[in-house]
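Next up: a single chain in structure tokens, the form predicted on its own.
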Amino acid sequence: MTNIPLSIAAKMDEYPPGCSVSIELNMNTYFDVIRGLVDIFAKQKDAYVFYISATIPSNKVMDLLELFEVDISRIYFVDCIAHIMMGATRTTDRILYVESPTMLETIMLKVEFLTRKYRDKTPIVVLDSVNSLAIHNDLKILSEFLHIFVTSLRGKGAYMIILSLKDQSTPEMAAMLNLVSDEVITVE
């Protein structure tokens, strides 16, 4: 294991609840960042993770986490890509499905449901990834969605973490993330 998971958890620990952080990463650091957030940081904060999967179907993310012996008992998924992958679904109470990544309001409603249902712990909302949502949505609409979503989560004291693949970002996407994020972290 590299030191990336520990450094991500330590960096996130510097921020108070209610903050929004964008993490720019590449495919080589992708899983280390995920592990630092959903395993180390979530345990430190005794928090629930609400993981919005827009890149990889949630069942595949769960399989990877279990393979690396990450405790998934505190992770809940809002999966907006599995239906597009035709049948890549798993029946469990840990996954809420959204039919399409274009259904941004439904994504927000599913996360709202989870924050109300599991209000006994601090929520950490991980959006994986904004690049995938940008493929399916107009950037202006996506920007409006993120602004409303982040503002809503701030009011709940949630940590909002927006993952972005650096090599797939555009200057417009970077500007959008700067507007909705308290901090932008780049992981090499």
Partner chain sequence: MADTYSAREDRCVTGIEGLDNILNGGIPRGNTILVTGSCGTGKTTLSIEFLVHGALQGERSLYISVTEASDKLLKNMIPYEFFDPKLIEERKLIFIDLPVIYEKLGLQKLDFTLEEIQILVDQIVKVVVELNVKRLVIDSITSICYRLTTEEKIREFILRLGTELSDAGCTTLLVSELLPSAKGYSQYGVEEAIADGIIVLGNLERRGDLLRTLQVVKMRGTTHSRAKYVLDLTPIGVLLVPLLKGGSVEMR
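Nothing here was measured: the structure is a model prediction, and the numbers come from that model. Positions refer to the first chain, counted from 1.
This protein has a second form, the form predicted in complex with the partner chain, left out of what is shown; the following refers to that one.
Please determine, with the chain shown alone, which of 23-31, 39-47, 63-71, 115-123 has non-hydrogen atoms within 4.5 Å of the partner chain in the predicted bound form.
-> Going through the listed ranges, the match is 115-123.
Any of the heavy atoms of Thr92 lying within 4.5 Å of the partner chain in the predicted bound form?
-> Outside the cut-off, so no.
Looking in the predicted bound form, any heavy atom of Arg154 within 4.5 Å of the partner chain?
-> No, no contact at 4.5 Å.
Asn131 within 4.5 Å of the partner chain in the predicted bound form, heavy atoms | It does not: once the partner chain is placed as it appears in the predicted bound form, Asn131 has no heavy atom within 4.5 Å of it.
Could you confirm whether Asn137 comes within 4.5 Å of the partner chain in the predicted bound form, counting heavy atoms only?
-> Asn137: yes, in contact with the partner chain in the predicted bound form.
If you check Ala82, Val78, Leu104, Ile75 against the partner chain in the predicted bound form, which one has a heavy atom within 4.5 Å?
-> Exactly one listed residue reaches within 4.5 Å, namely Leu104.
Hey, which residues along 119-147 are within 4.5 angstroms of the partner chain in the predicted bound form, non-hydrogen atoms only?
-> Residues within 4.5 Å: His136, Asn137, Ile141, Glu144, Phe145.
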